[in-house]
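The data below hold one chain only, encoded as structure tokens and taken in the form predicted alone.
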Amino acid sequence: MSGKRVLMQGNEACVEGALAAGMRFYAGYPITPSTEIAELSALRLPVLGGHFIQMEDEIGSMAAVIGASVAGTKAMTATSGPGFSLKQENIGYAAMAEVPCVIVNVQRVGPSTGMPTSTAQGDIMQCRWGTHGDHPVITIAPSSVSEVYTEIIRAFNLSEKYRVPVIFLMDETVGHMREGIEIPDPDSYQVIDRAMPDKKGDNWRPFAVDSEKDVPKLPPFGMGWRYHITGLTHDERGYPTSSPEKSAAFISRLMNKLALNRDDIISCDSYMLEDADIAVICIGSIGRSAKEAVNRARAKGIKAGVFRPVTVWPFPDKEVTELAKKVKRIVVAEQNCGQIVLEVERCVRGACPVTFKGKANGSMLMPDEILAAIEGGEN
């Protein structure tokens, strides 16, 4: 199918891109608006020698994905709303045990059952802080069907490279829209597999690294290496420890393996920012409305542009800080009551005014609404 122009839904592109990245295990439970991901995975995986399991709930789904990954298989699950909440404890386990996995969250209106078939972006902070304790996590938010395909490949690559759960944060609009896309040729993108230890031996320490920037090389279970995996704070052997010194060193390395590699992880999209006086910051599907709003603003002589974090976590703080020094005002457009705006205000540090334009009623934030905020209208 590579190189062909096809009409594809966002949820379908998520599966096809994941398969291209090497995903061969899926465990999940149907939930709107992510159900098509489970349906297509159930159809496609057996054909490729992979495995699909419909679990009894989202807790079990996340546990099964962790188990498959520990056994050496690239694994994914998908959910929305309440299901994402149920996954949080095991997402924390994956972060602590450094188990690569990809969690797709197709956002809908919440809290609780909310509006199951309506679009929203209310899970941004939950992606970062949903599980308890300080933990590393990467979150990627695509804006188009084509970007879904390419970014889910990057999600798997980052997960394998840094041994970390990666949350693929779609919204209902992106998940259910259909667009014509060209399936990229496999030679046009990189597929990364987790690194293996150099050798066995009595002195091998599964969680030992040369520096905080490095990542442990853990082989799949069953390949001859013996090591212990736990959700408890552990030493370099993988065994639980209550030592303040060893715990501090472990947590520091766990967080720094992302912080010190941020330039490799963070990706952003810019549109007409070269001479912009006003910047619109947004993620996901709102990037589409924002670009149209900027086009209309330019037609009126207003120099506006769009800055869209594709990598949401770690947040592109340096990039936003620099942007704030160049523009006169920033408009943050979100389909929620205000989440990314908090990070933007932290990074701007008073360098320029920040205006918030939010919407949380299940309908998409439209170009005219963002244009009104650009022109200085009411929030």
Partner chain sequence: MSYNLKFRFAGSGGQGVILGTIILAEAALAEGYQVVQSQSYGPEARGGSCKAEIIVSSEEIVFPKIETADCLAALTQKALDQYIGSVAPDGIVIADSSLTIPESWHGRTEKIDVISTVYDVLKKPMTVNIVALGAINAILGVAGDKALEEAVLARVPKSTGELNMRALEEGRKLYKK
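Numbering follows the first chain given and starts at 1. Please read these numbers as outputs of a predicted model, since none were measured by experiment.
The next section is about a form of this same protein that is not shown, the form predicted together with its partner chain.
So in the model of the complex, is its partner chain close enough to M177 to count as touching (4.5 Å, heavy atoms)?
M177: yes, in contact with its partner chain in the model of the complex.
Given that the partner is absent here, does R253 sit within 4.5 Å of its partner chain in the model of the complex, heavy atoms only?
Result no; R253 lies far from its partner chain in the model of the complex.
Please run the contact check for R262 against its partner chain in the model of the complex: heavy atoms, 4.5 angstroms, yes or no?
Output for R262 is no: heavy atoms all beyond 4.5 Å of its partner chain.
Consider E292 of the chain shown here, and say whether it contacts its partner chain in the model of the complex, taking contact as heavy atoms within 4.5 Å.
Result yes; E292 sits at the interface with its partner chain in the model of the complex.
Hey, of 187 to 195, 236 to 244, 94 to 102, 284 to 292, which bit sits against its partner chain in the model of the complex at 4.5 Å between non-hydrogen atoms?
One stretch meets the cut-off, namely 284 to 292.
Between S211, T117, T230, S112, only one gets a heavy atom within 4.5 angstroms of its partner chain in the model of the complex; which residue is that?
It is T117.
So its partner chain isn't shown here. In the model of the complex, which residue out of T173, T139, T79, T131 has a non-hydrogen atom within 4.5 Å of it?
Checking each option against its partner chain in the model of the complex, the one that comes within 4.5 Å is T173.
Given a 4.5 Å distance limit between heavy atoms, list every residue of 76 to 112 close to its partner chain in the model of the complex, or none if there are none.
Nothing in the stretch sits within 4.5 Å of the partner.
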